[in-house]
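Just one chain is shown here, as structure tokens, and it is the form predicted alone.
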């Protein structure tokens, strides 16, 4: 797959994704992943940031509310349209740009930081993405990104549940398989009667081992500063049981890396 293929898949997902994520069905994002990412994010007030793979802009807006001057970039026109409409209705000073994360079309040293919320594992050539991020970062700037955890969410993963339905273990396989693939799914909390009438998301995925990720980051010239592996608290797991499996093993990996 190349960027054109990836863009076509995400454009096909964008309408349904926006509607249902904004309706509160992206529980992993809202209850766990984004809050943990923002807790790990250094202070950004007064800084200029790029959100890579911004989608319809929910997370971009959260960073902007922390005082950053944000640009959001995404490959899907429908996501950008929704993001711009929201910016027009409730301005936060965000500039949303249609573009390809593998060819980041900004001048050198443009940004103090780059964020990428759950987007980089969906980009076909992460080496080129990381090189582009290094180029557009100012010296002393940083990249912070989240991905599916390469160790605990490889191409084959299954929750093992007890007789009550509680997740007690995780079965994984194909960790070393870095072949391109398409995952098809919907947000699990969408009611069954609505799911029946929806086409599942078609999500390009480019799994890389942890070794590959670390190697690519280092090859790009970035220096790893922090890792995060979000786990739902007991309170969050009780309030949103769908995320309780993150108490068995992490689903997400957060990485922060700096440009010297």
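Residue numbers count along the first chain shown, from 1. On a predicted model such as this, the values are computed, not experimentally measured, just so you know.
What comes next is about the form predicted in complex with a small molecule, which is not displayed.
- Using a 4.5 angstroms heavy atom cutoff to the small molecule in the predicted complex, none of 161, 228 and 246 count as contacting.
- Although the partner is absent here, residue 126 sits far enough away that none of its heavy atoms falls within 4.5 Å of the small molecule in the predicted complex.
- For residue 54, a non-hydrogen atom is located within 4.5 Å of the small molecule in the predicted complex, even though that partner is not displayed.
- Contact check for residue 71: every heavy atom lies farther than 4.5 Å from the small molecule in the predicted complex.
- Residue contact with the small molecule in the predicted complex: residue 29 places a heavy atom within 4.5 Å of it.
- This chain is displayed alone, yet in the predicted complex one of 112, 87, 189, 100 has a heavy atom within 4.5 Å of the small molecule; that residue is 100.
- Checked against the small molecule in the predicted complex, the residues 96, 117, 142, 82 give one hit for a heavy atom within 4.5 Å, which is 117.
- Picking from 152-160, 73-81, 133-141, 166-174 the stretch near the small molecule in the predicted complex, with a 4.5 Å limit on heavy atoms, gives 73-81.
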